[in-house]
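Presented below, as structure tokens, is a lone chain in the form predicted alone.
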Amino acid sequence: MSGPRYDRSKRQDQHLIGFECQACGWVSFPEEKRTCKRCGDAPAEMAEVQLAERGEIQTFVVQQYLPDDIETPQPVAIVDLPQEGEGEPARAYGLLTETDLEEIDVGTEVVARFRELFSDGERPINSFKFSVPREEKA
């Protein structure tokens, strides 16, 4: 009997945890790397860092042509998530939800939200999605 197709049990799968290279400061998210992508340090000494929930869109694309069972248009973005405290941001890729296309631009502030991506029939597969922050209603 084989294991589950999708294993989302790591702590960083449910929390905004990044891994900072101690040699150069580059931050990996969501996986801890054995080799730093920036400086090539191997084996890289990585330290766990907490990332902020709010970040900034660096680039984005609006996907128009996807398989029929996927809703379009579907905007996706690369977002810089700063560390809580000081340090370089982590770069994350994710879907934009609950956001009008007119609200999306480079430099737009977004907030990370933990959401269900899809279900494999037995369990939901969760990850982070991004949306433009909304004012809380009183």
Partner chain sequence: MTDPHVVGAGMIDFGELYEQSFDDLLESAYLSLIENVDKGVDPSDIDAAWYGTIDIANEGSSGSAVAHATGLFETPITRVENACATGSDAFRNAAQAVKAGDAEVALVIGAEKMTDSTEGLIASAALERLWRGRGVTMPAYFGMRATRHLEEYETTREQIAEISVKNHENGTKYPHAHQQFECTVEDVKESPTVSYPLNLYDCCPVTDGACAVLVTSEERAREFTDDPIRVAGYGLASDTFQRGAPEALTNFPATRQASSQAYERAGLGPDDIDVAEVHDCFSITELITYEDLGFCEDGKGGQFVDEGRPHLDGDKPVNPSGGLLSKGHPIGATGVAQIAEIFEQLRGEAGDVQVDSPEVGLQHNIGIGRNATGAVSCVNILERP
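All values reported here derive from a predicted model rather than from experimental measurement. Numbering follows the first chain given and starts at 1.
From this point on, the text means the form predicted together with the partner chain, which you will not see here.
Proximity of L117 to the partner chain in the model of the complex falls within the 4.5 Å heavy atom cutoff. Not displayed here, the partner chain is approached by D69 to within 4.5 Å at the level of heavy atoms in the model of the complex. A residue is said to contact a partner when one of its heavy atoms sits within 4.5 Å of a partner heavy atom; K37 meets this definition for the partner chain in the model of the complex. Taking the partner from the other structure, the partner chain in the model of the complex has a heavy atom within 4.5 Å of a heavy atom of P30. Taking the partner chain as positioned in the model of the complex, the residues of 34 to 65 that bring a heavy atom within 4.5 Å of it are, in sequence order, K37, R38, Q58, T59, F60, V61, V62, Q63, Q64, Y65.
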